[in-house]
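Single chain ahead, written as structure tokens, the form predicted alone.
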């Protein structure tokens, strides 16, 4: 399954690294990534895919002290 994640992180050193490491450790592949520093924090959009349920990843992301908010959308497969 493929999911779109929208995260808002505190603008701290290594905040992005912690998100990427957690994503990799949980077995998800990042296919798209976009980050913007809004001044109040980091806005991160990423598309991830993996065979396991998304809650395997989101449970761990919620434990990161840098995370202020997280929104998830499932991406539907495109039909030809």
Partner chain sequence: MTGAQAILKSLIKHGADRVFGYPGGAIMPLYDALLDSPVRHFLCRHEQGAAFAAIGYARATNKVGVCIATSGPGATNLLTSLADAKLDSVPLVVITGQVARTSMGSDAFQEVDVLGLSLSICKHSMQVMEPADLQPVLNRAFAIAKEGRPGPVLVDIPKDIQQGFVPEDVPEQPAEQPLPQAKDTAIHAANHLLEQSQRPVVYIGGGVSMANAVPQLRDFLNRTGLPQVSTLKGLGSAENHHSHYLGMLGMHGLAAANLAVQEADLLLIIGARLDDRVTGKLEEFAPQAKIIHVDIDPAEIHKRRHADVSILGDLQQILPALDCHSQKSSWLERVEKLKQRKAFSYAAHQAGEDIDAPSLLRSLSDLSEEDAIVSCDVGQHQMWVAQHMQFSHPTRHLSSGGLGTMGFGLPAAIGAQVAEPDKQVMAVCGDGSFMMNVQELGTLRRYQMPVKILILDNQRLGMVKQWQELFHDERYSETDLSDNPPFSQLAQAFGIASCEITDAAEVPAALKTMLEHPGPYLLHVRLDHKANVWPIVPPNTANHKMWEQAR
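Model, not experiment: these values are computed from the prediction. Numbering follows the first chain given and starts at 1.
Keep in mind that the form predicted together with the partner chain is not shown, yet the notes after this line are about it.
Using a 4.5 angstroms threshold between heavy atoms, residue 69 stays clear of the partner chain in the predicted bound form. Using a 4.5 angstroms threshold between heavy atoms, residue 34 stays clear of the partner chain in the predicted bound form. At least one heavy atom of residue 55 is located within 4.5 Å of the partner chain in the predicted bound form.
Using a 4.5 angstroms threshold between heavy atoms, residue 64 counts as touching the partner chain in the predicted bound form. Along 1-17, a non-hydrogen atom within 4.5 Å of the partner chain in the predicted bound form is carried by 13, 14, 17, in order along the sequence.
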